[in-house]
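Next up: just one chain, as structure tokens, the form predicted on its own.
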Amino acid sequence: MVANFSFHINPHLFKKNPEESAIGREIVSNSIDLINNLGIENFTFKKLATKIQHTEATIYRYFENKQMLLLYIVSWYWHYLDFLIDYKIQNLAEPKQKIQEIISILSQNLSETKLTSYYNMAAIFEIVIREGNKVYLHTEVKEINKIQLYKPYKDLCEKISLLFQTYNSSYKFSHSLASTLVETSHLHIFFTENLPRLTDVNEENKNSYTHHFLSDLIFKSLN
């Protein structure tokens, strides 16, 4: 399935909606590639301006700073993941099947989902894995939360939590388990590739390890 996804991103994240112009989409697209290659610490609007052959002032007309740009990219991912889950589970009848499908989605690289965009899906996934928690693990988290910039992430976890409750209505920690599932999936994909001694991965189970670990974690908690 090929689609140019356009989501309703919180307008507090940008000064001018980048989805409404070619230069805006170019800024986001090239930011994704640069942040993926350099990391958010080494990424600057000056480097982005050089890459896209526009002025820094042009970029600042769209985004206040690189933190907001990063949060825009991560927010796009949360919206996309929410859409992907709906798309994948829509024809599944049983709550267990739906949970299993969500675990499968969270266990794979975004570029393996067979849905494409004009943005680099593999790079977005890498950014979320390596930089995603930086959008809320900082001193301004409460102020950012007040303007609901984390709402798509909360909505995503709420959707998963409701499925857990449907599967087992007596389970008391569905919201905590939902956020744990999302965060743990990202961490263990990273650990498997970079810090394998923090996991139980080996050469035989490398391709399936994260999926099997998450399935074991979730269903042993819910059952």
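Small disclaimer: the values here were computed from a predicted structure and weren't measured. Quick note: we count residues from 1 along the sequence shown, nothing fancier.
There is another form of this protein, the form predicted in complex with the DNA, and it is not shown here; the text below is about that form.
For a residue to qualify, one of its non-hydrogen atoms must sit within 4.5 Å of the DNA in the model of the complex; none of 186, 200 and 214 qualifies. Contact with the DNA, judged by heavy atoms within 4.5 Å in the model of the complex, is confined among 152-160, 37-45, 191-199, 177-185 to 37-45.
Contact between residue 30 and the DNA in the model of the complex is not found at the 4.5 Å heavy atom cutoff. Proximity of residue 173 to the DNA in the model of the complex: non-hydrogen atoms within 4.5 Å are absent; the residue sits far from the partner.
The closest non-hydrogen atom of residue 58 lies within 4.5 Å of the DNA in the model of the complex. The DNA in the model of the complex comes within 4.5 Å of no heavy atom belonging to residue 9.
In the model of the complex, the residues of 59-78 lying within 4.5 Å of the DNA by at least one heavy atom are, in order, 60, 61, 62, 64, 65, 66.
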